[in-house]
Each structure stands twice: as structure tokens, then as C-alpha cells.
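Presented below, as C-alpha cells, is a lone chain in the form predicted on its own.
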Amino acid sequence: MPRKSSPVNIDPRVKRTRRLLRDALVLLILKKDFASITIKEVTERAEVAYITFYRHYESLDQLLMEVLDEGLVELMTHIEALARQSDPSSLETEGRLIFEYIEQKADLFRILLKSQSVTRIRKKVVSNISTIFQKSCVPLERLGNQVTINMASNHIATSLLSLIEWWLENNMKPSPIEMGKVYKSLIIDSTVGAVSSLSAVAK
């Protein structure tokens, strides 16, 4: 395990070393699959001594988890704050802000979505996003059909992640503003419309 230090009192040199190692790993994963990367490659790119790596991490898996967890915590906090907005007119803004955030963290999400070695992380992201959207899916379950809260929130989470993946593969075009409109129409409005249609058929 990495050595534990108080977040307040952590040595700036330790923070700098960990940042160099994380940045080096990100750059390498953008060029090749994570499974083929070695600790030596990471330390050489970071210009850090090989033995220094083991003062902070036990393995590259642990370093990767730290890289992803750091970004995922920010994403979850970001989406959770946006999901608290109940005004339907804010949904385009919610979508725009999500994609603006993805734009800022593009390298992180390219890693998350491109490497088969981090499938477990992708599942974790879907699960976390799904949990965040569960509260807003409560009205859908009340419409009286077979669509449960878990089913609807999982659909939204996987759809959002797929849309993010498509956007990154297309060089982040169209703009976050346009993606906000797509998010509202393709994911939120379509989900609500589909559930409403099922309710009408059930009646």
C-alpha cells in the first residue's frame, strides 16, 4: 500500500513524485495498452528512480487505481451536484456542464474507456452514476409498469458513458453546449418517453 500521510501535512516532495508517476502513466496508456506497460517505463518517463516507485505503490495496478479514483471522485461529485437540480429546464445546462468537465479531463476518460484492462473500473463508474440518478428516477417507477428505479438509473448511466465514449472518439465534437442538448433529448427525454409509453400500454 502507498505510505499514508495526513492530507494537510503531506510532504510536497511526496505529492510531486506521485503526480509525476500518475502523469507518466497517463501518457503511456494513451500510446499503448496498460497490460504492456512496465514500472521501468513509468519511472523513466517520470524521471523518477525505479526504487522510488515502491516507496509509494506496490504495483502499477495500484497507481492506475489512484489515477482513476482521483478523477472519478471529481466526476461523481460533479454529476451528483447537477443531479440535485429538479427543474427540467436545467437539463441542457446539466448536460453541458458534464461534457465541459469531460473535456477538461479528456485524457483520464480516454484511459477509462479504451483499456480492456480496466473493465472493472468502468463497471464501478456505471454503478456510481446509476446510484446518483436513482432519486430522479423515482417518478418513473410511479408510472406503474415493469421499469424499476434500478433499471432506469442503470440505463441512464450506461447511456451517458456510451455517449461520452462516442464524443471522445469524435474529437469532442460537437461542442459541450450541443452535447447538453443531445444529453437531454437522447438520454433523459427518451428514457422518460419510453417509460411513459410502457405505462400507457399497460393501462
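Just so we're on the same page, rigid core means the largest C-alpha set that superposes within 1.5 Å between forms. This one's a predicted model, so the numbers in the text were calculated from it and none came from an experiment. In this text, residue numbers run from 1 along the sequence as written.
Keep in mind that the form predicted in complex with the DNA is missing from the display, and what follows is about it.
The putative spot formed by K135, I149 and G193 is not touched by the DNA in the model of the complex; no residue has a non-hydrogen atom within 4.5 angstroms of it.
Contact check for T17: a heavy atom falls within 4.5 Å of the DNA in the model of the complex. Although the partner is absent from this view, D189 stays clear of the DNA in the model of the complex, with no non-hydrogen atom inside 4.5 angstroms. Residue contact check for H56: one or more of its heavy atoms lie within 4.5 Å of the DNA in the model of the complex.
Looking at K173, you'd find every heavy atom of it more than 4.5 angstroms from the DNA in the model of the complex. Scanning L168, L161, I39, M65 against the DNA in the model of the complex with a 4.5 Å heavy atom cut-off leaves one residue, I39. Only one of 46-54, 150-158, 22-30, 173-181 places residue heavy atoms within 4.5 angstroms of the DNA in the model of the complex, namely 46-54.
Taking a 4.5 Å heavy atom cutoff to the DNA in the model of the complex, none of the residues in 148-176 make contact. With a cut-off of 2 Å and the rigid core superposed, I187 has a Cα displacement that falls short of the cut-off between the shown form and the other one.
Core-aligned CA deviation for V48 between the shown form and the other one: 2 Å or greater.
Annotation: Cα of L60 displaced by at least 2 Å between the shown form and the other one, core superposition.
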